[in-house]
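A single chain comes next, written as structure tokens; it is the form predicted alone.
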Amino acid sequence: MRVATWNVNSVKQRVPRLLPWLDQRKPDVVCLQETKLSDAAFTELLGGELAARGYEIAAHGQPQWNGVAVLSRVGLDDVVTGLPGGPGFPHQEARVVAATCGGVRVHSVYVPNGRTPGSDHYHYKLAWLAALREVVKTGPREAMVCGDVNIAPADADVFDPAAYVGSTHVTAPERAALADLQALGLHDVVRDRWPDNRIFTYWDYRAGMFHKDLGMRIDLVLASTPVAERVRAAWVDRQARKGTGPSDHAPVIVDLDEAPDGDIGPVVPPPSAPSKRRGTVKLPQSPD
């Protein structure tokens, strides 16, 4: 079973990339984030195309912002949208949908950004992660949490830790909240398989960050032990970030039981440019 997760940053804008990618990579389960469409609009846009490819759809969306979905051609059962009793800002947003696919409980998640350390949105992010942990904790033993977690788990997951000082995504409380989620027995399957490699999944559109390979690894596949033991390949499809009209995120792909393309990770194709010396590059939004 091939499971993929991709923050498409507007599914409407990404249709010319998404459908050919589905045909090329042939994932059995796809978790999407930032769909930015209501459920009705999502179905109207993609329902026919996805059905023709054998996918059932579990969408949880809202117009313009957020939005998640699970596409599956190995079954789609027990769909749950949102976090029961979870926090909102001020109301619950469309940030998680879960379904059982091929015997695995799959959660497609789009974790709040956090915006600025110490802000209300930052505290909302931490509360949201705690609520997600409770949902996963009470769920089936065979589980996967897939998506844009908006946290780089370690300094090795950003191009330069110094560039992110004072920013979200790298603070100790965020990383602790992610670690608490993983403490349920969830394995970061890409990093576990490739512990020493430079791996990113997100590159800012600005300042040529992608072509300079100045990115972050914030899109994760976390798998419980019974699922992690089935992993045969785990990689980032960097090809999907290249070319015309890409998302600013690349898909993460995990093959269970067998690897049709071989154990080709961690990043396919390799980065466009060598890394820069640390301390020489600022984030695009950083003041001079």
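One rule holds for the numbers: they count along the sequence shown, beginning at 1. No experiment lies behind these values; they were computed from the predicted model shown.
Missing here is the form predicted together with the DNA; even so, the following discussion is about that form.
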Residues Arg2, Glu142 and Gln182 are flagged as a possible site; in the predicted bound form, is every one of them within 4.5 Å of the DNA by some non-hydrogen atom?
no
Assert contact_stretch over 110 to 118, 70 to 78, 183 to 191, 97 to 105 against the DNA in the predicted bound form, heavy atom within 4.5 Å, equals 110 to 118
| message | Using a 4.5 angstroms cut-off on non-hydrogen atoms, would Trp128 count as touching the DNA in the predicted bound form? | response | no
Can Arg206 be called a contact residue for the DNA in the predicted bound form at 4.5 Å between heavy atoms? yes
Partner contact for Thr225 in the predicted bound form: the DNA, 4.5 angstroms, heavy atom:
no
Distance check, Pro63 to the DNA in the predicted bound form, heavy atom within 4.5 Å
yes
Applying a 4.5 angstroms cut-off on non-hydrogen atoms, the residues of 207 to 224 near the DNA in the predicted bound form are Ala207, Met216, Ile218
